[in-house]
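In C-alpha cells, one chain follows: the form predicted on its own.
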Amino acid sequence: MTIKNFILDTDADGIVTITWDMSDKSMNVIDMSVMDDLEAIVEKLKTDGAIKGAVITSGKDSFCAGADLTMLDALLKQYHAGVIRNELEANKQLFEQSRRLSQIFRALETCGKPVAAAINGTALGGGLEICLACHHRVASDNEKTKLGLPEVKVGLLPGAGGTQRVARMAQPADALQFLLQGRELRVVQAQAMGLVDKVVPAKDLIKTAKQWILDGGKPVAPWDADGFKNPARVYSPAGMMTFMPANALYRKETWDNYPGARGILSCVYEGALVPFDTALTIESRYFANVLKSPQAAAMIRSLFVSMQELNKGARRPKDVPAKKLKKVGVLGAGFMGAGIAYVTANAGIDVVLIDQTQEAADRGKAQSEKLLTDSLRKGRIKEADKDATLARINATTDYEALADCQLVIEAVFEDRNVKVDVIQKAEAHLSRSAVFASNTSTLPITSLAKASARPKSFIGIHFFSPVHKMMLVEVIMGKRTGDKALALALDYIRAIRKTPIVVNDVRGFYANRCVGNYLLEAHLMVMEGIPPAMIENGARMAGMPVGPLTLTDEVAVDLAWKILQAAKKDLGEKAVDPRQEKLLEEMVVKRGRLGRKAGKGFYEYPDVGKKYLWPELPELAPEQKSADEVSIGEIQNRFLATMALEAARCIEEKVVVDVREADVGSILGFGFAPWSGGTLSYIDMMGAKAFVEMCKGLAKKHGKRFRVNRLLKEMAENGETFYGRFPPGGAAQTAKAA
C-alpha cells in the first residue's frame, strides 16, 4: 500500500497513529491524492486484524485548512465541459465525484475499529469533518486551535457530512448558527457545543486519544446506536422554536442571495426527518446542486482562487528580490496612521510613529494599546504579546528616527500642502533604497510625487477604514513609480497579512470611484422622493452589507460634501450632479448633519436605543413617492449596475489591469454583493448582452450615467466575458497607464 500524505505507525497495543503531513505544502489540505490515501487507509483499518484502533493527527502546526478549492474549481470546469456533450451524465458524474469525501468519511465511521481524532491546531472545512466522523475527539488547549466549517463564506455548504453530524451533536439553534455563520470556534467553545470530547495540553494529545481506545472506546457513532434521539427533531418543541425563526433570520441576513446558506438550512431540516445515511445523500445532492450554481463558482474563484493568487504576489515584479521589512515609518498618528502603525507592529515590524506633538503621537500609540487590550480580554493574545507589540512602536516627533526605515507611509490630513511638507521633511532623512508611500484617498499619486526628489520610489498605499478590520489595500502606481517600489509595497502588504490590488493613478483610484457611484445613486434616489427605507433595504436586498445612507453617515456626510466640492473645483461644474450637491449642502451647510460622528446625518443616533432614519429626510426631495410607485427590483439593479459599470470603465481605461483585482477589490474594498463574485463577475454571470440591455433601460429612464462604454458594447456584440477576454495573468496584466 503506497500512502503519499500520511505516516502510519502501529504501537505494541495495535493502535495505529495516522499522521497527516503533506510534504509539498505548508498546511494539510484535502485534494485528490489525500482522498486516494484515505480510501486505502480505511480499507486497511477494516481488513487488518492486527489493528485495534486508530488515532488521526497532524504532523504540522495545524490539523487541516480544509479542501483545496482549486480542486472544486477544476471539477466545475469539467462539469461545464461535460454538459455540452451530455447534461444528464455530467450531472451524475458531478454528484458522484462531489460526494466521494462524504462516503470516505462514512466508511471511516463504520469501519468497525475505534478511531480518535487528536486535533492539534486549526481544523477547518473537510479537516473538521474528518474529525467529526471519528468516534472521539481530543483537542489541544493551544490558543491557536480553531475549529470551523467556513464553506458558506465561499458560497458552498459542508459536503462531507458536516451539516448532519453537527446537527446531531449540538443543539439545533447552536448548530445552525455555527453552520450559517461559518465562524471559527476556540476549543472551549467547541467542547461546550459537543463537537470536542476532551481538551488537553498538546504534549498529552496522542496519549489521551490512545487511552480512550485502550479504555474500551466504542467504534460506533451516537446516531448509529440504538435509541439515539436527534436533538434537531423537527416535530418537537425545540424544533418548532428553531427552524421557523432560523428561516426568518436567514432571509433577513442573506435576502436569499446565497444558495449555499439556503442549502445548509434545507440540509439540516430535511436531514432531521430521515435516517443518517439518507441524510448524507440529501446533503450530497444539495452540495452538488450548490456547487454548480453560478454564485458558488464566482465566489470560489474570487474569494479563494483569485484572493490566494493575489496574496501570494501574482502582481509582484518577478525580477525584484523579496525583502523582509524590519522597520516602517508612519507619518500622522490620527485614526488612519494609528491603525497602520498597529497592523505593522502586530506583524512583528518596528514602527516609527510621527506626529507634530508628542501628545498626538502618544495618542496614536494609545489606539494600539486599546486594540491589544481588547484582544487580551477576549483571550486572543497574552500579556507578553501585548507588551512586545507596543514596544515595537516608537511614538515621536523626530524625523531623524526615519533614517533606517525601509518604507515610510504618510497618513496626514488630506491637504496637498500638508502632505508636501511631510514628504520633504521625511525624505531629508531617508536612505537611498527607502520607499515613500502616501495613504491618500483623493489626491493623485503622480501629482504628489512631484514634491519628491525620488519619484521612482514614490507609490500609493491606500488603506481602508478601520485599518485593523479591512483586508484590502490599494497600491497605486504613479507615472514614474518603479518596480522596486511596487515590489516592496507588496512585500509589506503580505507581511501585514492583507490583500493587495495594484491600480494605476486616477482620481478616486478604483474602489472610491465605484463606491462613489453607489453613494451618488442613493443620494439621487433621496432627491427623487424614493422612501429612504426602500433605498437602504433595496441595497441590502441586492447583497450590499451596508446601506448607502448608513455608509455615508459612517464615512461622514461632510467628507462627502468636501470631496464633491474638491471635484467641482478641479474638474468644473459638470463633474458633479446638482441634485446631489443640493442634498449635501442642505444637510451639511444648512443643518449641520455631519453623520454618525455628530450624532445626526441621514440617521438619528440617540443616546439610548437604536439609530433610526431622520424623519425629515423625505422632505428634502421636491416631491415624494409612495412605496407602490417604486420598483424594489429596479433599485437593486441601479445600485449594482452603477458600480459594475464603473468597474468596466476602469478596465477599459487600464486603471485596473487584472480582472481578479477588480473582483476581489470590489468585495473586500466596498462590499460589492459577495454572492456575485465581484463587479466583473456580476456582469459575466448576467451576460454582457443582458447587462448592456439593462443599462440601456436605466439610462433611458435615469440618465447618461448608465451609458455603457465601448468595451462593454464590443463584449455584448461578440458574446464575450471579462474572464474570457482578459484571462488572469495574460498580457493585459502587465500594462501600465501612460
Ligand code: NAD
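So that there is no doubt, residue numbering starts at 1 and follows the sequence shown. None of the values given here were measured: they were computed from a predicted structure.
Same protein, other form: the form predicted in complex with ligand NAD, not shown, and the subject of what follows.
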| property | result |
| --- | --- |
| Ligand NAD in the predicted complex: contacting segment from 93-101, 408-416, 180-188, 110-118, heavy atom within 4.5 Å | 408-416 |
| Answer option from 662, 139, 268, 354, heavy atom within 4.5 Å of ligand NAD in the predicted complex | 354 |
| Listed residue (336, 213, 635, 530) with a non-hydrogen atom within 4.5 angstroms of ligand NAD in the predicted complex | 336 |
| Contact flag, residue 171 vs ligand NAD in the predicted complex, heavy atom cut 4.5 Å | no |
| Residue 561: touches ligand NAD in the predicted complex, heavy atom cutoff 4.5 angstroms | no |
| Contact test in the predicted complex: residue 550 vs ligand NAD, heavy atoms, 4.5 Å | no |
| Residue 544, heavy atom within 4.5 angstroms of ligand NAD in the predicted complex | no |
| Residues of stretch 435-450 in contact with ligand NAD in the predicted complex (4.5 Å, non-hydrogen atom) | 439, 440, 441 |
